[in-house]
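A single chain, nothing else alongside it, follows as C-alpha cells in the form predicted alone.
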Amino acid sequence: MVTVGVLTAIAFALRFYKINHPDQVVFDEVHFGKFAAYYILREYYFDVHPPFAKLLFGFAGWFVGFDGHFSFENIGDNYTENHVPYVGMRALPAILGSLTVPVVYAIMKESGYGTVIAAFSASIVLFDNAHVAQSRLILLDATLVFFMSLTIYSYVRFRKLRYVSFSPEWWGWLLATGVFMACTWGSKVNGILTVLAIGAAVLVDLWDLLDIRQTGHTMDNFTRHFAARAFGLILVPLIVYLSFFWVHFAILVKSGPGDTFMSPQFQESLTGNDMLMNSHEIRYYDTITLMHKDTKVLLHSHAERYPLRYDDGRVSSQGQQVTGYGHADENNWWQVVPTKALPDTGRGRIVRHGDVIQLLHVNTQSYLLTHDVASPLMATNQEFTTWPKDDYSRYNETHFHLYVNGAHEGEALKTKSGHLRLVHAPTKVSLWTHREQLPDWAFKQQEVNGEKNPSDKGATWYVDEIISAEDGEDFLNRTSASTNKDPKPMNFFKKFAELQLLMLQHNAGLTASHPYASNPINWPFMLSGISFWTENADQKQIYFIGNIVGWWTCAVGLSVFIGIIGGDLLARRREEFPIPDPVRNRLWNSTGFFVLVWFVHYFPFFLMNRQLFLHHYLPSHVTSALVAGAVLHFLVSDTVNYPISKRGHFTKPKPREYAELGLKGPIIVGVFAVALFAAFVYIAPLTYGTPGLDGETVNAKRLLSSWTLHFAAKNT
C-alpha cells in the first residue's frame, strides 16, 4: 500500500503542477471546452466522438461555476480575462490521469507480478510527458485511458474467478468489465477498440470452454457461460452506451451550431430551430430560392452562355449558364411550375413529394434543363442549362421528379425542412454540385451538373426562401413570423441511429492534411510530436511528446516478447522445453493478453485513411507498459507467483510458488526510475509550457531531429 500510495501522490503532483498555466485555450480545448459550454447552455452541437467524456466536462464546468458564455473560439484566447473557471475543468482529466497510475499498478499485481514489477510498469505511465500533458488539459484522452485501464483491471479480476463461475463476485467483475468498457467506448470514438480487444479475449475464453477434454465442459455449461458473457459484455455495455446518448439528447434541447448536420426531422425536435419556426408549405407558382445542403450555394443562372469550346477541347451546347452562387441575387429566383392541370384553389396546389415539376428562371424566363452534353469540369456528368419558356420543342426535357428525403407519399414540400432531390425525368440524373469553381467566363461561380447516381448525398437541396406567390394574401399568411412552436417529438432510437451514422461518416472524412499528423509506424518510437500551444513573447511552448526512455523501453519490451515466444515455439518443435510451464503459461495468458490489447488498439490505425496523431497511441502505450513489466519479470526471474486465480470447489490444490527477483530486480527498477525521472524533467519545459527557452536550449531539448519545435536556433 505504501508503494501505490507514493506512486499515486507523485502522479497527482506531476499532473496538477502549474495546471493553471497557460491561462489560455490550448490545442483541442477549442473543441472540448466549447462542447462543455454547449451542455451548460443546452444548445445542440455535433461531434464525431460519443458524449460521455464531454458530459463529464460539462458537469465539471457547471460544478465550478462556468456559465457557458465563453466560446473557446481560438487557441490563445485568455481564460483569466474572461473569468472562466478553467482550472476546475482541467482538474477532471488531471484526476483521471493521476488515478490511471494506481490502476496500472493494480493490473500488474492482480496479474501475478510483484510490487517491484508493478511499480516498474506504473512508473512508465507516471513519468510520461505525453500522459502528463494530455491529462492537464480539457481533452478526452485521459478519460479514455483511465476507463480502458479499469476495463483491463476488471477483466483480469473476472478471469481470476473462472474456477468459481457464477458466484456473486464473478458476476460483479463481469458486469464491471462491461460498464467500464461502455465508458471507454463512450469517451472517444476509438474506444470501440477496447470493446474489440475484450471481445477477442472472450472468444479465446469461450474456445477453451468448448474443450470437451476438460472436466465439466458440457454444452449446457458452455451455453450458460455464453449467455452470461452476452449479457454482461454485450447487453449491459450497450444499455450504458445508449444511456450516454439519452442524457446527451435530454440536455441538448435547444437549437445550436450542430443543427445543420442533422436531418430536418431531427432539427424540428429542437426548441427555436429555424426549420421548426420558419418552415412553410410550397405551392405551385411560388418563386423560391434553392440552396445546396452541403456547400450552401444557391441555384443560379444568368444570361451569359457556356463557351463553345473548353480548355480541354470539348464542345459545349453554348446554352445559358446554370451555376451555384453563394450570395443573395435576383438571378437565384426560380418559379415552381406544374406539369399537369391544377384545381383553382385548395390543397391540390401544394407541391408534394413525387411530383413532376418545372423550374422557371424568373429573370430570363427560361426553364431549367439538362441534356446529354458533358458538363464544363466533369466529362462524366451532364451539363445543366435553360430553355426559353415559349419554345416547346424541348418541353419534356424540362421535367424533373421532386423527391423529398424521408417523406411519405404525397407529403408536402416545405421551406428549410424539406431536403429534396431533383431527378431529371428523361435521363434520371440528379441536380448536383461540388466545391470546384468554374473559370472566369462563369465569374468563378460553382459548377452545377447532372450526377448519374441519383442517390448521391451531394444531390441534396432545400428551399431556402419563398420570394413571392400568386396569391399575395395567402403568401403573407404562410410566411408570417412564427412564434412559440413546440418542438416535434422524435423517437430516441431514430435520433441515436442518425447521429451514429453521421459520426462514422464525418470521422472517416477527416482526411485533410495537418502539419503535425503522423504515421502509426512512427508512434512507438516518437519520431514526431504535436505543437499544442506557443507564446511568442517569452518563447514558451507546449509540445506533445512522450518520455523517450519509457517509450523506447516499451518498444524493446514488445520486441523481446515476440522473440521469446518465437524461440519457445522453435524449441518445442525440437522437443526442447526451456521455459517451465507456470512461467510459460504466464507469458502466453497474461503477457499475451496485454499484447493482444496493445495490438488491437494499435493496428487498426494502419487501415484508417484519416488524420492521425501521436495521441492516438496513448491507449497502446499504457498496454505496452504492462508488456514491458511482464517481460522484465521474465528476464530477471525464472519463477512466478503461482497460482493467482481463486481456487474452486472442484479445483485440485496446487503448491504455491513465489517469484524471486533477488537484488537485481529492485536495482534495475530503481535505476530505470531515476532515468525515467531525469528524462521527464529534461523535457518538462515542453510539457508544462514554462519556462520559456532560448533557441540553443530548444535545440538541446530536441532529442530527435524529426521533432519540430518552435523557437529553435538556426544551425550555423
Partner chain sequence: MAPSVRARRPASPPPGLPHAAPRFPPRQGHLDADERRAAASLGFGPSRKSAYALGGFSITPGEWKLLVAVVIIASAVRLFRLSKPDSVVFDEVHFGKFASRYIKTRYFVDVHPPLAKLLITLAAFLSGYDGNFDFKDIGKSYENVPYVSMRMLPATLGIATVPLSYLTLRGLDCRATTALLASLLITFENGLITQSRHILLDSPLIFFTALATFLWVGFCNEDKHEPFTTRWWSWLTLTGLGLGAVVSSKWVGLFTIATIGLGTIKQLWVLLGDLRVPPRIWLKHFWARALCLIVVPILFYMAMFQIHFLILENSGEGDGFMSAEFQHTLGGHSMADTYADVAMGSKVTIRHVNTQGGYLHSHGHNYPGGSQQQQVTLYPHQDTNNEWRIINATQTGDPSADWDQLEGLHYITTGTRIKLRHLATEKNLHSHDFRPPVSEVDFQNEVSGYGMPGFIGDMNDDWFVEIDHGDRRDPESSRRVRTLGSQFRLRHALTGCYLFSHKVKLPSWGFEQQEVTCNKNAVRPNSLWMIEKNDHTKLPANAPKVNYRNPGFLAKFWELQQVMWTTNAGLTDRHTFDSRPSSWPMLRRGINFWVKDHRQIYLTGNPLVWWLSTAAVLAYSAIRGLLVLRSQRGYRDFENTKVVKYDALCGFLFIGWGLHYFPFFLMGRQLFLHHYLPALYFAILMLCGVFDFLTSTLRPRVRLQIAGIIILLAIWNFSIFSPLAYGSPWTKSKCTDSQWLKTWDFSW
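Positions refer to the first chain, counted from 1. Computed from a prediction, not measured in an experiment: that's the story for all the values here.
Quick note: we don't show the form predicted in complex with its partner chain, though the next part is all about it.
Put simply, E575 is close to its partner chain in the predicted complex: some heavy atom of it is within 4.5 Å. Taking the partner from elsewhere, F593 is found to have a heavy atom lying within 4.5 Å of its partner chain in the predicted complex. Using a 4.5 Å cutoff between non-hydrogen atoms, W441 does not count as a contact of its partner chain in the predicted complex. Residue contact check for R213: one or more of its heavy atoms lie within 4.5 Å of its partner chain in the predicted complex. Residues with any non-hydrogen atom within 4.5 angstroms of its partner chain in the predicted complex fall in just one of 537-545, 237-245, 500-508, 566-574: 566-574.
Not one of R229, R349 and T398 comes within 4.5 Å of its partner chain in the predicted complex, counting any heavy atom. Contact with its partner chain in the predicted complex, judged by any heavy atom within 4.5 Å, is made by just one of K293, R584, H371, K488: R584. Just one of V84, V103, L614, L209 comes within 4.5 Å of its partner chain in the predicted complex, counting any heavy atom, and that one is L209. The single residue of 598-614 lying near its partner chain in the predicted complex is L607, the criterion being any heavy atom within 4.5 Å.
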